[in-house]
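This document starts with one chain, in the form predicted on its own, laid out as structure tokens.
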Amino acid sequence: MTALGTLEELPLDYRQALTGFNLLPLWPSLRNFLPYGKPIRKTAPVLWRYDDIRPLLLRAGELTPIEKAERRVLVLANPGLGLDAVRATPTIYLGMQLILPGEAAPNHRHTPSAIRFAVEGEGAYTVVEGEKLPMARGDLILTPPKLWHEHGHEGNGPVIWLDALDLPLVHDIEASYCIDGESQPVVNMPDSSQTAYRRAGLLPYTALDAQKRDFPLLRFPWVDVRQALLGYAEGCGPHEPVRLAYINPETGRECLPTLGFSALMLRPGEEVDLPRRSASVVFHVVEGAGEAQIDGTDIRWTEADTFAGPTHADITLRNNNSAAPAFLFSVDDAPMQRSLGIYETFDEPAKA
């Protein structure tokens, strides 16, 4: 393999002439952009412990009223990318958000896609385009790009949820912005997860002739997802991962254009080697405790913890409980990679 020429090999007057016309030679830095074998990755395997986050988030509730915060959030920043980069992976933003009884996070809409995954507490809700969506622990709620949404809390005690957005991607292409609006009138009916889309394989009959909608289902109750995992596990082989994808019930595709979501059950004492994929991923622990190994980094996780893995990572998950299953929720950027035509899965481990 021929070594590429270096910048220093070029005459100074030539380099200065290039700079004067806002030009630069590609070949000295070509391998920084097109390395052989696998990408250059700065994303670190990292764990955010809920026991560390929660007291600091509750203190934020004492220090900053909702009126001065708009969204009271602590960002889960990956140290490999730099804390100022405000991202958990190159394309995924994560934050833990707190809302207190009687508070309201104002109505707005924005270009990044977002989801809420309820972690703790009862009585909070999100309103998306007039559809009021209760937030019970483990529920996934979509707030797709450019749709109006706001949050409120009608119960007692703090409510905390995990935010995941494609903010890094949208911000980096200089397309990220939001618009404020007046509070939405609420449609006087239960959300679609409790009415139109209660059973897999069944749709409202009118949906057969109607144009397929981008976001027909906005809430995925954890009670249903957990039951589905338990049922699916009965038909899985002993070495087959028990994993279900969250999808658009009308199209069968991912819920959002850039981010994908799945729920994973680890059977008692089970260890699973996940297929190596080109997508980056974050995991949030819904129930249980265990260990993960991500590209050789050992992570010990417990309930409500969150951890991240880079693209092309070797990932092993282990349930340390020999008597009860563990449940994890995951977010990845596979839909974005599929749209770009670069998504891959690999049989062999990543080369160090």
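Not measured: the values here are computed from a predicted model. Counting begins at 1, following the sequence as shown.
One more form of this protein exists, namely the form predicted together with a small molecule; it is left out here, but the text below deals with it.
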task = Would you point out which of 212-220, 90-98, 198-206, 256-264 contains residues with a non-hydrogen atom within 4.5 Å of the small molecule in the predicted complex?
result = 90-98
query = Wondering, does residue 230 line up within 4.5 Å of the small molecule in the predicted complex on heavy atoms?
reply = no
message = in the predicted complex, is there a heavy atom of the small molecule that lies within 4.5 Å of any heavy atom of residue 250, even though the partner is absent here?
response = no
message = How about residue 191 - does it come within 4.5 Å of the small molecule in the predicted complex, if we only consider non-hydrogen atoms?
response = no
query = Though only this chain appears here, would residue 244 touch the small molecule in the predicted complex if you measure heavy atom gaps against 4.5 Å?
reply = no
Three-residue site 276, 281 and 338 fully in contact with the small molecule in the predicted complex at 4.5 Å by heavy atom = no
query = Tell me, which of 226, 132, 137, 108 has a heavy atom within 4.5 angstroms of the small molecule in the predicted complex?
reply = 108
